[in-house]
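The chain below stands alone and is given in structure tokens; this is the form predicted on its own.
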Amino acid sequence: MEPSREEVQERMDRFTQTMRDSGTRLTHQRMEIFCEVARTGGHPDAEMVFRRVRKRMTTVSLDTVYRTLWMLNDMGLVTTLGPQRGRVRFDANASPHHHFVCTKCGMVGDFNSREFDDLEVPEEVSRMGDVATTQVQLRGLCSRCQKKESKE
């Protein structure tokens, strides 16, 4: 589901404020990289972000995209999903939500669930440390792949 224009603007505002608050330089490349993740409802991997940003900024390198995405992850501006087929995907949606991942084609979809948000943390996990957030990842065949399999 693609984010609304307002949601993208909120993400960009949060990005700008977080960068300023941390004293991190707000470069054009960093802004373009974050914007590419923020404006999609999908969950692009670094190579997808690189290809899309490269169309607008021919000087950006894949290394810069990776370093920027990991910096944004460390700052809490994106989260990672994966590794999915050997590639980590990034998500700028910082609101509580969960994911469905197709094990065949790699499609990732967001969904909300009060039940998953309110999961009781097992005692074993509590002994490991304090849980800050819960994010459930369901894995299976998407409806598109199911249809393809049923035709075969």
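Throughout, we count residues from 1 along the sequence that is shown. If you're wondering where the values come from, they're calculated on a predicted model, not measured in any experiment. Superpose the two forms; the largest set of C-alphas matching within 1.5 Å is the rigid core.
Just so it is clear, the following notes concern the form predicted together with another copy of the chain, a form of the same protein that is not shown.
The shortest heavy atom separation between Ser113 and another copy of the chain in the model of the complex is within 4.5 Å. Among heavy atoms of Gly129, some come within 4.5 Å of another copy of the chain in the model of the complex. Although the partner is absent here, Asp63 is not a contact residue: none of its heavy atoms lies within 4.5 angstroms of another copy of the chain in the model of the complex.
Although the partner is absent here, Met75 sits far enough away that none of its heavy atoms falls within 4.5 Å of another copy of the chain in the model of the complex. The partner is absent here; in the model of the complex, the one residue of Thr16, Gln9, Ser143, Thr24 having a heavy atom within 4.5 Å of another copy of the chain is Ser143. Taking another copy of the chain as positioned in the model of the complex, the residues of 44-66 that bring a heavy atom within 4.5 Å of it are, in sequence order, Pro44, Asp45, Ala46, Glu47.
Relative to the superposed rigid core, Val60 undergoes a CA displacement smaller than 2 Å between the shown form and the other one. Core-aligned CA deviation for Met48 between the shown form and the other one: less than 2 Å. After superposition on the rigid core, displacement of the C-alpha of His99 between the shown form and the other one amounts to 2 Å or more. Relative to what is shown, Thr16 and Thr134 are farther apart in the model of the complex; their C-alpha atoms differ in spacing by at least 3 Å.
CA of Cys102 to CA of Trp70: closer by 3 Å or more in the model of the complex than in the shown form.
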